[in-house]
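Only one chain is shown below, in structure tokens, and it's the form predicted on its own.
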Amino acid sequence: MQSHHNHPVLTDTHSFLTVKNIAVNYGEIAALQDVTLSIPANRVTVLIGPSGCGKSTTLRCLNGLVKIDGGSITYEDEGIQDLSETDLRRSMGYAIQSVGLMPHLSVEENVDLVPRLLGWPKASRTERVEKLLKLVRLEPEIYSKKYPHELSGGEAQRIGFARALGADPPMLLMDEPFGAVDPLNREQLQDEFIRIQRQLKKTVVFVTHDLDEAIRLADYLVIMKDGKIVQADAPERILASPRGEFVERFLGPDRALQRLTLFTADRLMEKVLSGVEEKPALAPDESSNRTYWQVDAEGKPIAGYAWVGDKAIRRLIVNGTHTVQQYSSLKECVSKILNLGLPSAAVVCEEGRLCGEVRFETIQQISQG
């Protein structure tokens, strides 16, 4: 993968599969022309571009749903090298926008679909379903017997993701998986996806038309137009030096703001000043850019204090509304900071306990980067 100019995210791995000069034609229309691409193993490759640019077609070529008219796809991962088309599809998890859950099957049966087709023993299937539901944070006792029509959009999407992970496939294909979900849920699903991907380190190819989502999730970003790849690299590189006018226009004028989508809170988290006492344990002179967080007995933040001049201001904190998760983007941190008027955003761990803060001054340094 020398062409990636030795970017660590891409060079600390190998190629999972290589697409060489592939073409797909629908009658007179060239859907894909001369597409060449290496998919890095254990990383998230995101395909993005305007409608009809060929991103979904490229994705579907990888598991044989679309036949290529020219070029070659070489599966370098031993697990899938010599598989038949049917087995190839089963060895790749597939999650799509409309979820595609079987309406007559319960949640449990939906998630269990591929392991059952592959002949896994019943006991390990039951265990697998339970593990996956917990992974996407849906309690098995509550959800396994439900049917798709009883789920909200966000829940259905999580089940779709769990089903795609069913047989622990080496590769996941995701086609606009969060596309039909409202923005708030979508951001939560992205958080979940980042959290799960950091645990599982799957090889993922993800199609989206949402630039924020692409920059946030991609280790490797592939921008397409008219059935061709116009630029492919790590997202921070593309933001720093977009190739040509199309990419520049596509990224839009907010590139400094887009950079904030690249970083998650846990990467810039700093130690906090906190305690159960109400008033700040700080003198104004040493704390103009610090926040003192008041926490309850469980360590969950309930108020934030900051100094303005020689006066302390107090802001009540509602967990979730005014806090960010470790996997939240810096963009989200900025919006919490601006809403509360404090110099930093409180970062909470999975149980909602305060585990750090992201300071506005740190964010400023990065956006100028």
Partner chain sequence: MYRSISSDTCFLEKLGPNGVIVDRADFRLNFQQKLASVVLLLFFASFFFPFYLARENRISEDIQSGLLSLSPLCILFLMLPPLLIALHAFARKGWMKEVTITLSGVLGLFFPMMVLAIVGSDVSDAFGSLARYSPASGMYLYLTAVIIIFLMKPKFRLYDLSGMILVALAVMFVASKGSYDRLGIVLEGRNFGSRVTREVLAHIRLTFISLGISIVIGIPLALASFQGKRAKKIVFPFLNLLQTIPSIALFGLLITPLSLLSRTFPFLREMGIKGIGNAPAIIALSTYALYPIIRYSFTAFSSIEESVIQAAKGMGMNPFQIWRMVRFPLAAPGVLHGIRVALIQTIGNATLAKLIGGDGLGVLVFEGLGQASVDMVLLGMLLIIALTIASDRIFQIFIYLVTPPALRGKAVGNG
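Positions refer to the first chain, counted from 1. Note that the structure is a prediction, hence the values are computed from the model and not measured.
As for the form predicted in complex with its partner chain, it is not shown, yet the points below apply to it.
- Relative to its partner chain in the predicted bound form, residues 60, 90 and 104 are all within 4.5 Å by at least one heavy atom.
- When contacts are judged by a 4.5 Å heavy atom cut-off, residue 244 does not count as touching its partner chain in the predicted bound form.
- Its partner chain is not shown here, and in the predicted bound form it never comes within 4.5 Å of any heavy atom of residue 209.
- In the predicted bound form, its partner chain stays beyond 4.5 Å of every heavy atom belonging to residue 338.
- Mapping the unseen interface onto this chain, residue 86 counts among the residues with a heavy atom inside 4.5 Å of its partner chain in the predicted bound form.
- Comparing 123-131, 107-115, 266-274, 184-192 against its partner chain in the predicted bound form, the single stretch with non-hydrogen atoms within 4.5 angstroms of it is 107-115.
- Think of it this way: in the predicted bound form, its partner chain has a heavy atom of just one of 138, 239, 96, 151 within 4.5 Å, and the residue is 96.
- Along 153-167, one residue reaches a heavy atom to within 4.5 Å of its partner chain in the predicted bound form: 163.
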